[in-house]
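We begin with a single chain expressed as structure tokens, specifically the form predicted alone.
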């Protein structure tokens, strides 16, 4: 019986975890690919089913708590609130899209590649459902470690130095966060387990929310956690690892990094930073927002003059994440609500852009914008799909990103009109570099590089069609996403105000 023998978040972790292990024991690429697609679709089915069981009476279906290291006050405690549910939906939806879209591509030692990808999915899901600080940290690392190997082994010619830089950034952030977790743990109240075992401190989320921390302690602990989350988003000036990593990683890995993994940082702020350190959040919100807005303008300006297609999309992502970060720290219901649904919308749109980039790079062998041109005449379906996804990425009305950006800018304006005005420059610049990119790559005369470009295959039409449908459905009727995250928004805002 559901809720007695298993729960939704358990299944969403175990399915990719088991599938990833199975892939390592297969020898054929076709078998590993089939396992990845089938198990990722099963995880998606579980995630979609869980959306019909969100009421309080179904709490046993969505939460589970097992003894782990009991005498440390630690347990395998997982559960889904509105934020976790929308991000697990994004994760379970994105991986089958990625696997199907890139199914025509062959990888050296493919079973290991798909195995590591599935382990990454399990780790990401674990991050979004963890209700225990030590488990959260464990899953945080589980999501990152496979990516190191994916980038270094299957990346471009500069993959090793790029991956090393990525490792240094993320390891430093993780170490700072671990120090912060241990300090807060030592200031948590005692915990009583169901078998009447009492421990002095606890890693549970509730215990962290009730930790006995002074304003001074909150102020310096805030930065230990924020730097770790800012690196992962990334937010200016912690962003320098990102463009090169996106450029050198296999495009399917880049889709995971930009579509899902950056949300780990935003999620960490939502679940662990703001509620645990509300006084520090109020003190430093202006500084964080200024850094985020600098990142919006800075990344948009670089994207405007960028000739590397993959780096253009990478800088575009930095600008969008900067807007989400600024809106989150504005801490009013409208801005936070917009940020919540934009996490999902950004993930869908940016993965769609990367799918198109992967198709262009695979067929032409280049990613330099100035070397391309005239693809529209060779691949009309691809051109139409790209236009829709690109226009959604710049928040055209009736597309999914419009609702989120409208709410975020409304909330930002309420908080500080000057911040909203500078952040709004990102909209103008995004339209400029996106339309310029479309014009240079898809229109004009075909050249020797693009002369043999063919239109997209059935699997690519399928995944891009799904993405386009989501863009229009959410753009026309975003209310389900708003309702899904409404309670989480109210809880978060109440922690600071």
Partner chain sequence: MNAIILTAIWGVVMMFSGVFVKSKSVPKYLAILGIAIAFIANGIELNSGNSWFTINVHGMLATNSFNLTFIAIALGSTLIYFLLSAADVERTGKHVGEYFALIFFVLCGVSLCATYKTLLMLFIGIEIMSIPLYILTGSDKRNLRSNEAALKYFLMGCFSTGIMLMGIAFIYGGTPNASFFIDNIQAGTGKMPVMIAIGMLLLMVSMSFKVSAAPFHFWTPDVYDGAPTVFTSFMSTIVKVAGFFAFVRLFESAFGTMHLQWQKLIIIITIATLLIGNVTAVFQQSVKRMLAYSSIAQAGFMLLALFALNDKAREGLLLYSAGYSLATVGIFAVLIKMEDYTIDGFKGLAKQQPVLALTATVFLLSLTGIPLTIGFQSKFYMLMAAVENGSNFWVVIVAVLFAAISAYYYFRVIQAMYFKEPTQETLLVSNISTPFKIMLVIVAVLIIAFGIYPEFIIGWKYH
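Everything numeric here is computed off the predicted structure, so don't read it as measured data. Numbering follows the first chain given and starts at 1.
Missing here is the form predicted together with its partner chain; even so, the following discussion is about that form.
Between the options 149, 209, 406, 223, the residue in contact with its partner chain in the predicted complex by a heavy atom within 4.5 angstroms is 149. For the candidate set 185, 284, 419, 238, a heavy atom within 4.5 Å of its partner chain in the predicted complex is found for exactly one residue, namely 185. The stretch in contact with its partner chain in the predicted complex, judged by heavy atoms within 4.5 Å, is 135-143, chosen from 269-277, 135-143, 421-429, 368-376. In the predicted complex, no heavy atom of residue 387 sits within 4.5 Å of its partner chain. Residue contact check for residue 311: none of its heavy atoms lie within 4.5 Å of its partner chain in the predicted complex. Residue 167 belongs to the set of residues with a heavy atom inside 4.5 Å of its partner chain in the predicted complex.
In the predicted complex, its partner chain sits within 4.5 Å of a heavy atom belonging to residue 203.
The three residues 153, 160 and 175 all sit with a heavy atom within 4.5 Å of its partner chain in the predicted complex.
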